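A single chain, nothing else alongside it, follows as structure tokens in the form predicted on its own.
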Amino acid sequence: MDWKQVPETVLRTDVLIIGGGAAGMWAAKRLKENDPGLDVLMVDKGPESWGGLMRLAGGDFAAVLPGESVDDWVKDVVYYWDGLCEQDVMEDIFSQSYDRLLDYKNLGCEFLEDENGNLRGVPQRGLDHCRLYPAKLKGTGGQNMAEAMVKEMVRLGVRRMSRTLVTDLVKDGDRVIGAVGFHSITGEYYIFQARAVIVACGNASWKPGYNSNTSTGEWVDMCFQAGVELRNFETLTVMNAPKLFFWEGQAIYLALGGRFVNALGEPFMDKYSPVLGANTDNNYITRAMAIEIRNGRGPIYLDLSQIKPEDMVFVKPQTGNQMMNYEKLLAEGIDFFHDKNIEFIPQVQLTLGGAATAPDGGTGVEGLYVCGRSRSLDYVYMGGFGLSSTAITGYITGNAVADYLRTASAGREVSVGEAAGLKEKLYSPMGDAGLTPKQVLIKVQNLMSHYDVCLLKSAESLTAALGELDRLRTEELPRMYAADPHYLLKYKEVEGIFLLTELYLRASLLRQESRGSHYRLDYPKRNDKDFLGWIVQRQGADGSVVQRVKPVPLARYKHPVDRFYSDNFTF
């Protein structure tokens, strides 16, 4: 494709929001509520009105109810995340959580209640206070939330573009003034002129089958190139997923008595954590699964026989795609809730890494904000926190950007020269020979899927993986091509996944200890002296990854860090 012949369009807006999921829509909602006259343009690479991964979620929402203590929730999370918690940020988030739950209810989303109209909650991860509140109808909770928020976007007059990938941010000195991207069907090139930009793209992933996760590493690359500091990229969500099909809801059924057993029928988590058993985070379970399989006690099966009949309403789908999935399984002679021979395997899903931001989502780069799951908040995932934190941080960032725009100038126009340079670079992979993005992606996925890379790490295994990644970058990535605009989108995703993988491997090497979802075979204990802090990464002057440990500011935090969730386990 001759890049000079590709049609291009200049689009001007007050605020460009990259990502059309929960966080992006909540940011847009608050922007328009602050100033209805603002022009807000939301751009998403997915289908129109898709709503991001919110549509695929179960609808579980973590919230501090009236009469409960926010401090108690924060203390639980400090303990659960082994101290790596921004206590003031989490206090603010939890303080707003019930208001956002009510907002969803006012938009027509229903949550499970008892006969007296009280919300029915499920305790999380063996914590004393943290709970999630499921949707009324298991199977369409996230879908209903997405559709309600899309209606809000229409009501508020938010402009939306679909099938469009934003690839590069444009800066004027230290300020972001816009971005460029393209339409993945027509190939049309877009130049976005904006007074402020919000990144709300979700967790970056390696495109796993589980949960149809389509958020990948391209936004990480974009922020990295723009000078944003990143953190927590040594953390992963490694899901215990059915080997042959999709299923969602483990945060609930493990809390209600579900458990995993090995080939001998042993509920093996009782051995690794007599206190918590299987009622814990996926990463601790998949770590144990990997050890069991390596020691010849695999495969691993799910056992739901301990769940009480009256609690099945929390976990059994009642409508939507998951109900359809359940009925398809029944037609194949598989009863998910009674069969004990459904094999589960560890599957690398996504990173919990993201942008290191100010409490309001500011990145330190003027005019650029990040919210939702693209913002680094949690060190170990908690059920219901995704839908809760995306709504709250989107709300917070929408307010912050509205305040910023009250004094911010329009900024200069994106120049013809810089737009043309980025355009030439963007379309250069277009061709008809070489390796497809899928061929290259599979090799990176295979690299990440080894247990000694994603679960049972060591300096030897991580260094070997980094060497293999460098080989792929040198020998395979230059041969990758895009046959059409659709595959150009896939090309950019894989290109971003290369940086995502490097960030993960380098941060994992730097953290010479075990903490939360990060586990090193060669450093199996915590090292609070050197690593009670976040691994922060940024782009160096030569394009390399520069990283450091940023200590947790214990002196200014309210709650002491003297209890550690990982102390419940022996591996």
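Residue numbers here begin at 1 and follow the sequence given. Being a predicted model, the structure only gives us computed values, none of them experimental.
As for the form predicted in complex with a small molecule, it is not shown, yet the points below apply to it.
* Asked: Looking at L329, A226, L165, A482, which is the one with a non-hydrogen atom within 4.5 Å of the small molecule in the predicted complex?
  -> Residue within 4.5 Å of the partner: L165.
* Which residue among T363, S215, Q96, S461 has a heavy atom within 4.5 angstroms of the small molecule in the predicted complex? -> Contact residue from the list: S215.
* Indicate whether C201 is a 4.5 Å heavy atom neighbour of the small molecule in the predicted complex. => Yes, C201 lies within 4.5 Å of the small molecule in the predicted complex.
* M54: heavy atom within 4.5 Å of the small molecule in the predicted complex? -> Yes - in the predicted complex, heavy atoms of M54 and the small molecule come within 4.5 Å of each other.
* Contact flag, V43 vs the small molecule in the predicted complex, heavy atom cut 4.5 Å -> Within the cut-off, so yes.
* 4.5 Å heavy atom contact, D221 and the small molecule in the predicted complex -> Contact with the small molecule, no.
* To do: Sort through 378-386, 115-123, 283-291, 411-419 and report the only stretch with a non-hydrogen atom within 4.5 Å of the small molecule in the predicted complex.
  => Of the options given, it is 378-386.
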